[in-house]
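A single chain comes next, written as structure tokens; it is the form predicted on its own.
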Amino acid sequence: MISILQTALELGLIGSLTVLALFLSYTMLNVCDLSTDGCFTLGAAVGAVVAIAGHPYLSLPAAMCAGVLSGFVTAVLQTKMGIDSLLSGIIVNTGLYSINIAVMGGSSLLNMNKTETVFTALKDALSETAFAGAHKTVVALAAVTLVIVFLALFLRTKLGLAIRATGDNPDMVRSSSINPAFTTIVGLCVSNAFTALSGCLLAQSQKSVSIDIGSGMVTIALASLLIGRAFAPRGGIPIRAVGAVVGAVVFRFVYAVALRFNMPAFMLKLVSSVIVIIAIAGPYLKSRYPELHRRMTHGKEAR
């Protein structure tokens, strides 16, 4: 059970960076970015290639820059070319498949067993301390903390407030002499940078990258985000962001428990879908419960 909790915590923290990306794009900016899967793989591929070249620390900003480019293309398609936001994400996600293969040198798999990563570097540094076996958790926790602090500070700036206002009411933003296209571009660039960072850390944690490493990440991140709302339905940006992280850890724990009970790997996608349905429909059914209970009570009295 302890190993399950530790694995869920590590993967949950790494995946929560993608959840925080959706927290910015979906919750704040009100844009459902379907390029998440491809952007996640892009970050993993770029980070792996740079790390294999002997630059494990440089791999993190390199992956984030790649994510910024992905977000920029997605945002330009929907703001400058009149393409629907959902379709823009699908187009970019499709194109990124070929780009990711090209980044990986024409291969669908990269092996990093003999590559130094940020995790192996910290493992050596903590080898004689109490955190010797928790180096992955320490790295992931540090990254998540920095991203939460950045979001808390960034969304309080004029540009951050403009991004939040764009998600709430773009017409009002436009009437206030703020360009909603610019705020959308900035918001998607930042959110995709977080997604790519998440992919980079997962690749270095697993010591390998496959072309389908990001498959289903948008579903997982969305489910984690909705679960997180149950833990922090109200409050400021930091509290809601922490709730999103908790949601990611809880989701990964459910995954780990499913694997523990020898559930076939192909069933995990169905588990993800069921969790999303529960997370979305749960609050609605809960709000409808008093009316349903009243109808059932009146029906019994009529009899």
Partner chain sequence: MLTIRRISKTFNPGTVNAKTALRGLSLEVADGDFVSIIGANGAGKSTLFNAIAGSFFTDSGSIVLGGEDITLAPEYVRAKSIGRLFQDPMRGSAPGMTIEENLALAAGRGGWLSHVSKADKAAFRDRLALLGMGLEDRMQQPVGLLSGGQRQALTLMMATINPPKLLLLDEHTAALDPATAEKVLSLTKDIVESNRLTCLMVTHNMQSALDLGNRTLMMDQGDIIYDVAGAEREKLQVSDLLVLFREAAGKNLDNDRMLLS
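Numbering follows the first chain given and starts at 1. Only a predicted model underlies this, so the values are computations on that prediction, with no experimental measurement involved.
Another form exists, predicted in complex with the partner chain; not displayed. Remarks below refer to it.
Across the proposed site, 112, 128 and 137 without exception lack any heavy atom within 4.5 Å of the partner chain in the model of the complex. Here is the short version: of 76, 87, 142, 165, the single residue with a heavy atom within 4.5 Å of the partner chain in the model of the complex is 165. Taking 146, 122, 211, 172 one by one, only a single residue has any non-hydrogen atom within 4.5 Å of the partner chain in the model of the complex, and it is 172. The shortest heavy atom separation between residue 83 and the partner chain in the model of the complex exceeds 4.5 Å. Residue contact with the partner chain in the model of the complex: residue 219 places no heavy atom within 4.5 Å of it. In the model of the complex, residue 98 stays away from the partner chain, with no heavy atom inside 4.5 Å. In the model of the complex, no heavy atom of residue 94 sits within 4.5 Å of the partner chain. Partner contacts here mean any heavy atom within 4.5 Å of the partner chain in the model of the complex, and among 196-204, 225-233, 104-112, 174-182 they occur only in 174-182.
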